[in-house]
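Okay, so here's just one chain, in structure tokens, the form predicted alone.
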């Protein structure tokens, strides 16, 4: 008898892949295509909740695809990977609902659903794989699918197709270069230790380090992985693709890119450096901290100078990802837990802000904040929702972002990283400035001339666009008022990260299914 819960890891990857193929054959029945895909994602969210609950109560879950053990494909669900899968599917579900009324019908009914499903499959696969080469494979799946989604057309065509193609070209080229670097790193690691299983690699690297026979080029391989994951996360100086891609992508895809996709780099850094390279990690912590601080500064300063609402949010994402990497660079269980809390709050708040920006653009007919003004009367829902997101990103209570910043700064001070924390606090004030200024420009003051001339389209947002925004806003408030469950989960996850031995034992003793 097949027990569903025993096969959750493979189902969370296989269902999006299979549904991607099904969506191709349903192009002639758009209503069925939409309804079926929404139902599929509702089921996937339920499965993700079941997986996290199973891992939380029963420990790390290892799923062997085939009968090859550590030499075959292994899927591993621990608190980090299962939590990231749930976060991915929750945001994906809401972004998909939003897309149904935001994306232009021809794009929506042709390839959008198929590519969206492949993107989610790539994300889930990246989080769940226990094989470093398959991590590369899933990176390629999500890269190609996200490129196709960036050029999808919105119903309100404020972004030129040429801008979409230019941004996609930059994204594709830089990501391909990152893929080449990752392939070199993976091949070099395999040539050194003779295995691709991450738990097995960790054992062999640790044994070589303990024996004093660790090859010098392992340090170079670790540096290559910093480049790979730094490029995925868009940290300085590898951030140049993000300010073009996120603004030109349709708003639901911007929410996916900023809310989830750049977190792949965070996950990769946590998984590879605290599992495989944990014995040499102290050498790289100052590098990670320095890059994190530079990212915070560049993101905050660049966001201040923007007039395009989505470009401002894109630079904000760069700055905020720096805070997450700052906690990772500090390297203790306390700071990593704080980074995970920050990651969740940023994913929810920034996804909501990008979806809200879509509603604002839909209303105003422009992305230029300086051509807006006084929309608090004609778009009160968008005004209130953007304010909730802006308060969270800025770290104002009682929003979840306040808890995230508080625990990160507190953890940094307890670990005696006084100067990095001081720099982070200083540029948090920049975040407060540019987010509040954006809200004032768009919603406060007098109505802009463009609206008087009829260029804007004053109307209430469609229900399918409003519901996901409201749900995410409620989550932001709940995370601020009742943060204990998230804090407990983050602390337990961080303890698993800094002590990878249970992960290694679960994989190598082959307690599968």
Partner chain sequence: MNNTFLSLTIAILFGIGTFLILRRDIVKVIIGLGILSHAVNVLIVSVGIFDGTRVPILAGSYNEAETTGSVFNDNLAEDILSPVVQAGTHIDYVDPLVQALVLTAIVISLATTAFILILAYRIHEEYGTTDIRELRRLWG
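Residue numbers count along the first chain shown, from 1. Here the structure is a predicted model, which is why all the values come from computation and not from measurement.
FYI, the form predicted together with its partner chain isn't displayed, but the following is about it.
K.L.:
Given the stretches 101-109, 210-218, 381-389, 159-167, which is the single one in contact with its partner chain in the predicted bound form, using a heavy atom cutoff of 4.5 Å?
P.N.:
Selected stretch: 159-167.
K.L.:
So in the predicted bound form, does any heavy atom of residue 315 sit within 4.5 Å of its partner chain?
P.N.:
Residue-level check for residue 315: yes, a contact with its partner chain.
K.L.:
Please tell me whether any heavy atom belonging to residue 194 falls inside 4.5 Å of a heavy atom of its partner chain, as the geometry stands in the predicted bound form.
P.N.:
Contact with its partner chain, yes.
K.L.:
How about residue 265 - does it come within 4.5 Å of its partner chain in the predicted bound form, if we only consider non-hydrogen atoms?
P.N.:
Contact check for residue 265: no, nothing within 4.5 Å of its partner chain in the predicted bound form.
K.L.:
Within a 4.5 Å heavy atom cut-off, is residue 79 in contact with its partner chain in the predicted bound form?
P.N.:
Although its partner chain is absent here, residue 79 would stay clear of it in the predicted bound form, with no heavy atoms inside 4.5 Å.
K.L.:
Can you work out which of 281, 151, 376, 203 has a heavy atom no more than 4.5 Å from its partner chain in the predicted bound form?
P.N.:
Checking each option against its partner chain in the predicted bound form, the one that comes within 4.5 Å is 151.
K.L.:
From the list 147, 334, 436, 396, which entry has a heavy atom within 4.5 Å of its partner chain in the predicted bound form?
P.N.:
Spelling it out, the residue with a heavy atom inside the cut-off is 147.
K.L.:
Establish, in the predicted bound form, whether 136, 172 and 177 all lie within 4.5 Å of its partner chain, using non-hydrogen atoms for the distance.
P.N.:
Yes, the whole trio is in contact, each within 4.5 Å by some heavy atom.
K.L.:
Heavy atoms within 4.5 Å of its partner chain in the predicted bound form is the criterion; list the residues of 179-193 that meet it.
P.N.:
If the 4.5 Å heavy-atom criterion is applied to its partner chain in the predicted bound form, 179-193 yields 180, 183, 184, 187, 190, 191.
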